[in-house]
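The chain below stands alone and is given as structure tokens, in the form predicted on its own.
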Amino acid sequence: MSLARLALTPLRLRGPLLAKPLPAASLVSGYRFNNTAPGLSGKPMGGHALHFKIERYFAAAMLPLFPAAYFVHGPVMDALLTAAVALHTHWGIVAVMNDYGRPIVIGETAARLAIPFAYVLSILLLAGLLHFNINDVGLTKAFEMFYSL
């Protein structure tokens, strides 16, 4: 047994009344929150867990891409870098919109427009990066020019 588990064992609340959440405790200003933690029952959590895992693997795979982009120039590396940056940024923007774009935080109308706005931002980012790659020096050459200052 780990040292942290031994230290935290006395802090765990036990008893028949504490095992079940109170109905009034999960009701705040008319909104009901889920009190159960996903994944504790041993059942698969569904598509969200797979998506989270793919995001983490993708972010880890991007780590060697940036140093490689400094040394390898060309349209293939520009396209890889553009796709990676655009997809990673899209996932981040959508995550922020899902977390903070709730009706209780920003209002009903703005909450309905938050996710479409995230997609518009992502499409504009991808279009801008592709335009820069095609009609200008490209991302890898731009990085080289920036760091040579």
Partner chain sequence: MLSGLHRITGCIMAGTLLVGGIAFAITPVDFTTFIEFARSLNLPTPITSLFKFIVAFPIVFHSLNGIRFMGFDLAKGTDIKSVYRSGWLTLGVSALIALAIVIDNARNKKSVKY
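Numbering follows the first chain given and starts at 1. What you see is a predicted model; the values in this text were computed from it and never measured.
Separately, the form predicted in complex with the partner chain exists; it is not shown, and the next lines address it.
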_Quick check on Leu124: any heavy atom within 4.5 Å of the partner chain in the model of the complex?_
yes
*Distance check, Arg56 to the partner chain in the model of the complex, heavy atom within 4.5 Å*: yes
*Heavy atom to heavy atom, is Leu87 within 4.5 Å of the partner chain in the model of the complex?*
no
*the partner chain contact at Tyr119 in the model of the complex, heavy atom, 4.5 Å*: no
*Is any part of 51 to 68 within 4.5 angstroms of the partner chain in the model of the complex by a non-hydrogen atom, and which residues would that be?*
Phe52, Arg56, Ala59, Ala60, Leu63, Phe66
